[in-house]
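Consider the single chain below, provided in structure tokens and representing the form predicted on its own.
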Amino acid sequence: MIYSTQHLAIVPKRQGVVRIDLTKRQETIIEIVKRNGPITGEQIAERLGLTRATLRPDLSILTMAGFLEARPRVGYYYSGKKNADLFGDTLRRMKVADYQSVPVVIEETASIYDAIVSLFMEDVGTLVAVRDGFLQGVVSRKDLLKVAIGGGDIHQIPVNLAMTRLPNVIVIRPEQSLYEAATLMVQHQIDSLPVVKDTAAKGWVVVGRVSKTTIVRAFVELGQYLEI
């Protein structure tokens, strides 16, 4: 499967590493930066006889791919890389701690009814179940739906009878990368991960949440043009 635009061909490799095929203009930009860097985008555009706006996609791609580095108010310079993956290196440098959202938690003894209300009020797909502030499990929309259609009294059935319990909960830590978080979600076919910190003896404290939406936002950020 190949995705291509005027400026880019992204080819998924056998082991999932994404590589790019440079256009002639992108190769020319690299040569200009190698010979003259640091150089601003406006100066590169002048040398090519093009507008700055025309070059924005190329400069963004070359910067994100790692061929070029960019310094605000200084310009672009050559990084020395011969080939680079488009998003992988950058995504691996993006830490969970910088992108995690506020966790949506519920006491494990709360009722299924309360869990359903919390789920829809907070507009999330999964709740984190805790006891005295420590992670005990996670409960998803699917888990709650099973109980709700099972005919039991959802005002009396506690969350801990429907949740996925430790040690079967997949977690991520703040110092890990978004790439690792995305990999875990794909491997385990889940929509979100609790972000946890270890404590001395009692277990994990939930400090955040990473979801598929988090990863999408990170990719949007990677796709933004970098102005120099």
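Counting begins at 1, following the sequence as shown. Note that the structure is a prediction, hence the values are computed from the model and not measured.
A second form of this protein, the form predicted in complex with a small molecule, is not displayed here; the remarks below concern that form.
You can rule out all but one of 61-69, 35-43, 48-56, 188-196: in the predicted bound form, only 188-196 has residues with a heavy atom within 4.5 Å of the small molecule. Not displayed here, the small molecule is approached by Ile170 to within 4.5 Å at the level of heavy atoms in the predicted bound form. When contacts are judged by a 4.5 Å heavy atom cut-off, Arg141 counts as touching the small molecule in the predicted bound form. In the predicted bound form, the small molecule lies within 4.5 Å of some heavy atom of Thr126. Contact annotation for Thr164: at least one heavy atom lies within 4.5 Å of the small molecule in the predicted bound form.
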